[in-house]
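Okay, so we've got a single protein chain in two different forms coming up as structure tokens, structure 1 first and structure 2 after it.
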Structure 1
Amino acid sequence: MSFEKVAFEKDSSKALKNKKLRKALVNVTDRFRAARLRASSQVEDWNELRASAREIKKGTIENLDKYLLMLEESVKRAGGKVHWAKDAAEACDIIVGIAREGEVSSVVKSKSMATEEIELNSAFEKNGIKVVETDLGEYIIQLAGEHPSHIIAPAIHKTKDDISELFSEKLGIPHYDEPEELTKVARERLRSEFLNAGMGVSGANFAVAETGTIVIVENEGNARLTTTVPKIHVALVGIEKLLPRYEDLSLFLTLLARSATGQKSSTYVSFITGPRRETDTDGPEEFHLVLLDNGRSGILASEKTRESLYCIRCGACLNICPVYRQVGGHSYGWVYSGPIGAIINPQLMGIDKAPELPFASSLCGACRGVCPVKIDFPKVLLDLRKQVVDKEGKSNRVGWHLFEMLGIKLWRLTVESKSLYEAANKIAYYLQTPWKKGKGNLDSLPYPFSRWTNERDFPQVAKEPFRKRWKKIKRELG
């Protein structure tokens, strides 16, 4: 699988000029953040649960070979088949091969970022197999011919009007103003797809080594239809999605729903263990589990970045990230975006294909603070930055890095001295005059400061520092 080089700086600059996009991003992520905060605050031992989850994931990833073999045996024991895919091409070949063997002409898909990762839809279409996304957000993205913009809300960047126009163009319907009408259209179109499909393809939030169970969490019910109505069910699962024991699910389901959408539990939680049994009233005749590596073993090999594989794809880090909230998911150049995209995309794609992503962060640590498994994003990002600098050698990035380090040292020297700080404040106040634009922010400063001010606000330096103003206020208050 070949990748184009990620152009984060260029694409994010374009996104920053899209006011509609930025408004949509802030509105939706604000709702997710507020919901997560309410839900997590209702759990007294929330941080203890996060610490426990981290330890379980750590132990699982460090013993992944053992648990993968255990999972394979458990799935086979339940009547399923297991396939191993070293990369995207092999995964596509396996799944398309299963479809051909089953004489499948139509496929429905649900709940799988991994299928986006391997570009499975294109593989189906090249082989003359119709494929339809059934999650509403993914359905919208498929019609638009785009990648997801968010892990759990793939169409976060589109407004109601955008979707109405898209449906009208692609489905030949009138423009509808109400979301309920648009949802009704999608439901009607998708219902027949479920009934006619010969194969359902899904991902999984978790795969349990002990029992061979895959778990799918959703709110729409489409995944349940995808995995039960067609005669063949194929689950494409990254090898990092394992949990050792069935009892571990209660902990991770508690963390996932609250971190992702702020719910105590998602509307639908499906536990799937093998194909339909004689006593079952529904379910597929065949169950296939495709275990996807596609670069994950490379991440596993590095002790410094290994914790990237702890991720349970809740999206909380995207919702809190000050960078993602301004530029959206498409700026990250691939399927995964936000802080998790910044650390796994370079590792899965190759650091030479995404050298800008480790620098797409302020290192504020907010992502680490909300992560349900406590991934240390800043630590991983710093290690990846070092890899970029080491690989590029004496490049412009190294020069800019040295300039940043010099600036930080000068800033430290200044703020440690009261007299230097006051003198610097006075100098800055008079030097800023050519770039003033009334009250508020400065116009774009000259290079190299323009690298900041071309895309971000830069507040004017006040004539009277806050310390002096505060003394006056205290005197006035008595």
Structure 2
Amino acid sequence: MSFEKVAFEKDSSKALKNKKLRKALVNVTDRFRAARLRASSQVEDWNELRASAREIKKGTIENLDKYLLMLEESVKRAGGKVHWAKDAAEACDIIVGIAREGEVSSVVKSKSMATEEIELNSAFEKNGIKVVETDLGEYIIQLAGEHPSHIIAPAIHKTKDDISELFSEKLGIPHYDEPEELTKVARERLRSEFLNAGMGVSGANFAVAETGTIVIVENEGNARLTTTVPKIHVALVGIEKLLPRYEDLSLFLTLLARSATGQKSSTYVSFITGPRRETDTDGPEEFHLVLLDNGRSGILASEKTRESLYCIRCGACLNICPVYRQVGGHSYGWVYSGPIGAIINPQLMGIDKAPELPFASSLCGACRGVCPVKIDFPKVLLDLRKQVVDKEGKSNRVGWHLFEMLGIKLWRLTVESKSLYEAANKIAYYLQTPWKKGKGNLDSLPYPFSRWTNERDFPQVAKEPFRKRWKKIKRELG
């Protein structure tokens, strides 16, 4: 599947009409939100931990070049290879190249949003290499040819009947009713894939500069299998995933599972440092770390939005976002969704590919309140809005943008002068007359104000604004 320009209004409109999706969204966000709250309240100094985590991420990003070099050194010392990919195409070339070099004909993949960013599966397929998603949720959407709709639970928009039908159709098996049966099918099918694959591709939640350790957090065990069984292990890791010291992991792991699913710990955490040692009995013979830039160094250069890189991909922001709750992940048009998607999709795709996203938020700030690294989403969104206006102002002077720009200029003119402002008030009072009805509210207005009045009444401009009442009140109160 390929990514085009994000069409939030169009896609969200479609999503809002999908009753099944909406039910699933309310269900998943309610559950995860409650679980996160419960799990975080069990930790006494939760907010201090968040503040510390933010400090560490800040320090890491502000010294990223040094930590990357440290990481490279540590991975090499452990017997691994390090590759640097500046963009998606290059990352695909490198990974396909590694597969070719190893004469790999089939690859197993564990969940990695970075690999979706670079569209790795399609690169493998173009090169005649079979690739199988092993995370159950990702396996389901791979079969369905869709994108994930949630960072942690990618197939949450599908009911078990949907999945049963999908398995039946694509895998040629009978219709099963229960999740246990469906899961059993996935386990059996994928087990042979693990055992026969020549290469396993994973992402990583963290990469420790000091020791060269990558860390993978999961519940199913497919990442363990992906990174243990095949001869070659390739880990694609965004450059922002770094942590400086080994012991920083204890803080971040404490925050991650609780923020994501409300678990005290995810079922499995793998800490991988290089390939198998000579004396090991099993494990991959080759370990390749592919460091991915793909726009991250661009975010790093932007002072006001740099903290977008602190994200540890827990999904807590999705679960609390009132906008995400209504529309789900597909409306965000790309790999990442919810508040984190709203800030990094435009920055990684290019702001011209996703100009709606920074505005697809009421700036309520609930996300900031649950983010384990305290990303100030409203602040970043406000800066991105400025970037969109600056960019569109220079390139796209037609249509809605022109209208809006004129509106802002008119507004500014009006509010810069007391007399113009007061005159505008009087004019508006008289202008509204054709739409005034008995009730005291306006129930219809011309476009674009109809976008309000289609579903809501609008208040009337008062005959006497406060400033006129003031003089009278002052006299009355003496």
Partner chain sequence: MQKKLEKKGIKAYIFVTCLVDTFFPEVGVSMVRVLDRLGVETEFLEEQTCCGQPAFNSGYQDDARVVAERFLNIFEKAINDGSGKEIYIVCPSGSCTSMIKVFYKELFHNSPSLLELVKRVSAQTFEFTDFLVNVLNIRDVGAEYGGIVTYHDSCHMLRELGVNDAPRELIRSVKGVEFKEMEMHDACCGFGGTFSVKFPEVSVSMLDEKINSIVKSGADTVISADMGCLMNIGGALSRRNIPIKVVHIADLLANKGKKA
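Here the rigid core means the biggest group of C-alpha atoms that line up within 1.5 Å when the two forms are laid on top of each other. Here, residue number means position along structure 1's sequence, counting from 1. On a predicted model such as this, the values are computed, not experimentally measured, just so you know.
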Between structures 1 and 2, the form predicted in complex with the partner chain corresponds to structure 2
With the core lined up, does the C-alpha of residue 63 move 2 Å or more between structures 1 and 2? no
Once you line up the core, how about residue 14: does its CA shift reach 2 Å between structures 1 and 2? no
Establish whether a shift of 2 Å or more occurs at the C-alpha of residue 407 between structures 1 and 2, with the two forms superposed on the rigid core. yes
After superposing on the rigid core, what is the C-alpha displacement of residue 469 between structures 1 and 2, in Å? 25.2
Cα of residue 446, core superposed, displaced between structures 1 and 2 by (Å) 5.9
